[in-house]
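A single chain comes next, written as structure tokens; it is the form predicted on its own.
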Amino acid sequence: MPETVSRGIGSSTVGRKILMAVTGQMMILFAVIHVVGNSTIYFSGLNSYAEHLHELVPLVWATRFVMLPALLLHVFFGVQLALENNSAKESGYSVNTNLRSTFASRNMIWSGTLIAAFLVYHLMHFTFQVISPEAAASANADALGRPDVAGMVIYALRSYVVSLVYIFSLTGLFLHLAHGAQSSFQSLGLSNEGAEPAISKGGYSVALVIFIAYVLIPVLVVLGIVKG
């Protein structure tokens, strides 16, 4: 973690929460764009989408150079804030707010940990393609000679175990977003007592839509409805 960041805006609790909010909203945007692209699998267009995406090499690498630091900052300050909160509770300075908190808000550190572990697995599976290499897109071509990304995804998700891993992890994503989406508006000063209920419902709705959009893919593959 760059020292300048830690001694700058990240040196105060408010600054850390702002960084968490900004990087969190960046990742929500990325999640939306990613699932829209993945949804081309319903129309047998995933291989075409992947081919066109990899033709945009500068855009792909620019996205990676932006999102990786954003992810690292989000994780770093998320852990730091969680430790500070736990320390405050142990010292007796924290007021018990469980009556107003939710399951999602009380377990942000755990849902975040689950997402981080899943992200590593997902990258190893479909980006670096070291899991189930016999079905890797880089080693198999479709009828048009393109890397068979759709075939790789369907081969993997036909496994009940793999699909359950994805569904369980996506449930963690839903819980994280259900609280994080609305919390980010508060951290950025864009919420107040009057607007909070609407922002809370809006954040929950966004999280639910993203969850459904992602989870439909493994569900429909397991059911044999999506075949590539």
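Here the structure is a predicted model, which means the values were calculated and not measured. Residue numbers here begin at 1 and follow the sequence given.
What comes next is about the form predicted in complex with a small molecule, which does not appear here.
Novice: Contact between residue 201 and the small molecule in the predicted complex at 4.5 Å, heavy atoms?
Specialist: Result no; residue 201 lies far from the small molecule in the predicted complex.
Novice: So, residue 174 and the small molecule: in the predicted complex, are they within 4.5 Å at any heavy atom pair?
Specialist: Because no heavy atom of residue 174 falls inside 4.5 Å of the small molecule in the predicted complex, the answer is no.
Novice: Does residue 108 reach the small molecule in the predicted complex, with heavy atoms at most 4.5 Å apart?
Specialist: Because no heavy atom of residue 108 falls inside 4.5 Å of the small molecule in the predicted complex, the answer is no.
Novice: Within 4.5 Å, heavy atoms only: does residue 24 come near the small molecule in the predicted complex?
Specialist: Contact with the small molecule, no.
Novice: Can all three of 121, 160 and 227 be found with a heavy atom no more than 4.5 Å from the small molecule in the predicted complex?
Specialist: Contact check failed for every one of 121, 160 and 227.
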